[in-house]
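Okay, so here's just one chain, in structure tokens, the form predicted on its own.
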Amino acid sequence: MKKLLKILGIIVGVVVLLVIIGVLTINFKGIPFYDTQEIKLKVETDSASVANGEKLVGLTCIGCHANENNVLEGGIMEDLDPAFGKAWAPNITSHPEKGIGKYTDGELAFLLRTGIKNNGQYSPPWMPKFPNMADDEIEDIIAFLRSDHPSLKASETVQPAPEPTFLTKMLCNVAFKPFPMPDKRIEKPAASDKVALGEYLANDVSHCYGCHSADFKTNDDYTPTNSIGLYGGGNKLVDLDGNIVPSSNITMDKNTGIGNWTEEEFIQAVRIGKRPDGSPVPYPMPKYGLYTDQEVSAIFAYLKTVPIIENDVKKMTEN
């Protein structure tokens, strides 16, 4: 019996030692680096592509990267869940050293698709990736970033390095991996296919599922429909006072979701931030005024196809 206990003690000791070694390795390694890939791309710009790129940047980037003067020189991400640490959105102005002027068009496309910077480091989970965005729209974003728009005027501001928690480091080393570059061009769904367009806008452009599903840690950015609790809400967000608040259930459940909302009410909530009862949609939900009524209508049509989840997120704030 003593011999058995001794053997068990040795096994437990070895396991504990391996865990400690693993924890220390991940903690000191930090955010991992990967091989980069040369992407031969030279984006052709015209007024239409720059205009659409400006819209897309407004929908996906400005919330984190714009300062109080609407210059895209970055700033602290105040609504980041403390579980992930502290982070500052970087300078993405045209500055040749401090901004993205040092990136080629191919490197920008590679970053937006895979999450890998031009130095090989992986972008942590708070940086959105666009593995399924249409190629034309990726190129439109780059076209805008190359434009002479005032928000992109070269700024020498350098934001602090992120301060990821061990959880973030572990997720980046174990769970979250760079996405592959597509092996063929991705096309945007036609406006006539309303549900497909709505899914594209909600999942592949605005990443609405990211907040409105169960948890950032279990979201699947490559196949959003695999995210746990898809659109059922409950993910922990941070309000203007630093309080943790759960995201809303926006499935069509009539008791805990938006199953009783009309399309027009949904459009009002998304575009101008007004709920059906007239009250404002609270922070951190942004207003998506850059979307047209038709685009938000398409998102609503898509949400009608999402499996209904009964999840009363209000109870989470009562516990």
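When you see a residue number, it is the position in the sequence shown, counting from 1. Just so it is clear, the structure is predicted and the values come from calculations on it, not from any experiment.
Note that the form predicted in complex with a small molecule isn't included here; everything after this is about it.
Asks: Is His95 close enough to the small molecule in the model of the complex to count, meaning some heavy atom within 4.5 Å?
Replies: It does not: once the small molecule is placed as it appears in the model of the complex, His95 has no heavy atom within 4.5 Å of it.
Asks: Does the 4.5 Å heavy atom contact test between Lys102 and the small molecule in the model of the complex come out positive?
Replies: Output for Lys102 is yes: heavy atoms within 4.5 Å of the small molecule.
Asks: Spell out, yes or no, whether the shortest heavy atom distance between Cys61 and the small molecule in the model of the complex is within 4.5 Å.
Replies: Flag for Cys61 set to yes.
Asks: May I ask you to check whether Arg275 falls inside a 4.5 Å heavy atom distance of the small molecule in the model of the complex?
Replies: So Arg275 counts as contacting the small molecule.
Asks: Spot the stretch among 184 to 192, 148 to 156, 170 to 178, 204 to 212 with residues whose non-hydrogen atoms come within 4.5 Å of the small molecule in the model of the complex.
Replies: Of the options, only 204 to 212 has residues within 4.5 Å of the partner.
Asks: Quick one: from Leu290, Ala51, Ile39, Val281, grab the residue that has a heavy atom within 4.5 Å of the small molecule in the model of the complex.
Replies: Of the candidates Leu290, Ala51, Ile39, Val281, Val281 is the one lying within 4.5 Å of the small molecule in the model of the complex.
Asks: Just to be sure I understand the contacts: of Val71, Leu230, Ala143, Met77, which is the one whose heavy atoms reach within 4.5 angstroms of the small molecule in the model of the complex?
Replies: Only one option qualifies, and that one is Met77.
Asks: If the criterion is a non-hydrogen atom within 4.5 angstroms, does every one of Leu108, Ser123 and Ile258 touch the small molecule in the model of the complex?
Replies: Every residue of the candidate spot has a heavy atom within 4.5 Å of the small molecule in the model of the complex.
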